[in-house]
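A single chain comes next, written as structure tokens; it is the form predicted on its own.
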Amino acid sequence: MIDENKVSQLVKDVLSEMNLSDVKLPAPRKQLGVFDTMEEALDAVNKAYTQFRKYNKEQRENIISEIRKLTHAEAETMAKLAVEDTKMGNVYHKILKHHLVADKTPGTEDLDTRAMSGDGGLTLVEMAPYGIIGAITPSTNPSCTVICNSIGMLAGGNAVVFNPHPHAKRISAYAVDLVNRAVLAAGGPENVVVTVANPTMDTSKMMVNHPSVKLLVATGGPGVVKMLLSSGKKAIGAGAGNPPVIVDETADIRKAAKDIIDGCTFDNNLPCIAEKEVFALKEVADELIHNMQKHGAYLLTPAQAKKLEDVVLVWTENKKGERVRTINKDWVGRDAKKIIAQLGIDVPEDMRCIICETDFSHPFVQTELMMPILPIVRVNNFDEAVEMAVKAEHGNRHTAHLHSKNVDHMTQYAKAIETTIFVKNAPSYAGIGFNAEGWTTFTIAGPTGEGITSPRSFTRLRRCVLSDALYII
């Protein structure tokens, strides 16, 4: 078992010996597993799988151990490249995320075999690979998703072809190259994980429709999940969320304030699990806001909040021809200080979150911003808070949070919200095992029901029956 504080300690050790601005990006070179065309990538991964399918669990686990080692060793390089490539998030938190993935993504130990014996003989049910998996990965957590998926998929005995988000193609290619270097170091075949240098919608469609790709996995928005689910193939979809957090009158308000700000600002609110809107009971709202300000939150006036709408939201036309407000992608995952600077406001150096009081219908509440901006809605009672939280979550059934010491409230909220992840009295990142129990993943499959994915999610069940034998009792 890994000590739950190991991830944080690793980063502290690294940061004590380095300046983030001194991290050197790798010199250009031929990257392993990265091809000019999807045809070349698919041909290479097919050849690799014919070899890899013969590898036993011990050999696969040796490969995974090498992936973990390289991810730890190059975490800061990938973090810096991810920020430069996507212009989102911050280096420190991305270092944390890479160490988390290296330590807490399950390997072959997640796979098990069931045996049933009786008068009729012996039957085994085993977790077998699908074969070649086609995976679409996001710009929000690009290298973490590639590495996490690679560990889980290779543990299950699969090979993988990635079609990453175009805005994260450099860092995604780096992660694919890292995995291949680890595979080769452990004596495995080359190109067991592949991608294309310039991913597009066309390369994605080719990957999805290719007959050798047996399972599809999408980590991203509703559009890409819908595309995979309409492919006619088995698909695992990790969709969007808009996680609400409720704070009731029994909560430890000081701790709740810190936890919420810590979770909301982690990697500038890029994780889908991060707190996106707060519903605070009226009797604790003032104290909550006061304590949030002690932990790096800046409270906007109503007039300033109105101006902020024009910065982070834009008017677009939906498929019905209606004018709607959507996020301004230029500000997704950006530092709170850079966002608030657009309003001409000078803030303290330690400011990391923008908070404002709004009503329930405000677009900051109803829209998943993925920015360190946190709207706070005062509610009259817990029933009202739950009703609003369920509506604001929009039926994504992704993640929800609660700060309370009332077990009945925990039960009521959990039954009403029906999310894959439900975090109580902790920052949102506890939901993926950061300083908490449980394994980690960046593919949280709510729409298709696999939940917190792990190697077993990427396997199919095979039954082996021996009649009238090996029943020895």
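Quick caveat, the model's predicted, so the values are computed rather than measured. Numbering starts at 1 and follows the sequence shown.
Another form exists, predicted together with ligand NAD; not displayed. Remarks below refer to it.
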Ligand NAD contact in the predicted complex: residue 63, any heavy atom under 4.5 Å: no
Contact label in the predicted complex: residue 136 to ligand NAD, heavy atom within 4.5 Å: yes
Exercise: residue 71 in contact with ligand NAD in the predicted complex, heavy atom 4.5 Å: no
4.5 Å heavy atom contact, residue 131 to ligand NAD in the predicted complex: no
All of 166, 368 and 444 with a heavy atom within 4.5 Å of ligand NAD in the predicted complex: yes
Proximity to ligand NAD in the predicted complex (heavy atom, within 4.5 Å), stretch among 232 to 240, 252 to 260, 376 to 384, 343 to 351: 232 to 240
In the predicted complex, the one of 227, 313, 339, 206 near ligand NAD [non-hydrogen atom within 4.5 angstroms]: 227
Option touching ligand NAD, based on a heavy atom within 4.5 Å in the predicted complex, out of 121, 187, 395, 223: 223
